[in-house]
Each structure stands twice: as C-alpha cells, then as structure tokens.
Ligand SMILES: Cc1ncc(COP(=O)(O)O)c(C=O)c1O
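Only one chain is included here, represented as structure tokens and corresponding to the form predicted on its own.
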C-alpha cells in the first residue's frame, strides 16, 4: 500500500507533547496553543489566529463569526471536500455551487457573478491541492457586491498568490491540521484574520460565548480540576 500522505513526527514533537502532559495543559489553553496561534497567523500575514478542533470547525466558526445565517447564500466550488458545504449548511445558509476550472481545478471565476443574488452574503474559494485560486477577480467582485470572502486554505499552508500567503487575502481564512495536511497536529484547525472584531467573535463562539473572566480551570485543594 502506498500512502497518499504520511505524517513526519520526530523527537521534538514528542518533547512538546510530553511537556503538555506534564503541565496538565491539554485542552484549548496553555503556552503552546497561544504561541501556535500567534506565529501561524503572522506567517499568513494576519494579526489574529484562533485554533479549532478541525478544518471543518474552522470553516463553521469563520462563517458564524461573519454572521452568515439562515436565508443567506454562500458561493463555493462544486469540486471540494464536502466539509466546505457542510460548514455553510451548519449555519442555516445555502451553498451555491460553481463548476471547477479545467486548468487549476479551483472554482471557475467566470461563473461567480451570474450566481450572485440579493441573498448572497459571501464567496468561499477553496485553494485545491495547494494551488491558490485566482483571488484578484474574486476580491474585486466582493467589493463590487459588498460580499465577504472566506478562504478555505485547508490544503494550502504556505502557498502564495502574488507574493502573499493564502488565508490572509480575504476577510478570514481557514486551515486544517489533519494528519494528511502539510502541517499536522493530528486533528485541529485554525481561523486567521486581520479583523479584531471577527477574531473576538470567533474566540467567543469557540468558548461557548462565556465571558473571558468567567470560564477557566483551577486546581482545588484535593487536586481535582474544577470549572468556575
């Protein structure tokens, strides 16, 4: 059997995982999460990074943070992982599909404008197999029709479009760190953005909308973790 993609895990990864286990920071908090969010966002040319449990949840979180809801339409390519469409459906919105470009396999830019209606709220380009979409005309259409742009960059960590990293070209970008991706955390995902408003909304939704000062964990006298 020839694997499609096999993760490379070495001694450093083992050291970091062991450090997390030793310090008890194994769920959504701790220095490694914060450092990863900050450095990955900066790598993408963005100010903010919000880690998630998967690429699918990253897409769902991004759409929810942008206010996509029932009655809205989101334009996306017909050729993509079903998770992209699922994330739109999870918000109650409707996926509107455009065909793939025969050369790049990314969404056919020429089909987007004729799919735009009064209900269209966003365009969700997918950078297929690490190949960036032709983002310039997408961003131009978005400005013309006042649409949001969510990049599905799950397969395109580090890919560049005209000198800029994908994920940082639209309003918000989404990545996956599944085992077959260029960078893996086993499972996991990330939302990146330059908008403080979107970042704060994403962090709030990810944290079940608890206030920052109200949801944390501490050790009791009996060394049992308690939620306060």
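Predicted, not measured: the structure shown is a model, and the values here were computed from it. Numbering follows the first chain given and starts at 1.
Another form, the form predicted together with the ligand, is not on view; read the next lines as being about it.
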Could you tell me if residue 109 has a non-hydrogen atom within 4.5 Å of the ligand in the predicted complex? no
Please check if residue 181 has a heavy atom lying within 4.5 Å of any heavy atom of the ligand in the predicted complex. yes
Tell me, yes or no, whether residue 154 is in contact with the ligand in the predicted complex, where a contact means a heavy atom of each within 4.5 Å. yes
Residue 55, heavy atom within 4.5 angstroms of the ligand in the predicted complex: yes
Which is the contacting stretch out of 163-171, 199-207, 56-64, 33-41, given heavy atoms within 4.5 Å of the ligand in the predicted complex? 56-64
Heavy atom within 4.5 Å of the ligand in the predicted complex: which residues of 126-140 meet that condition, in order? 126
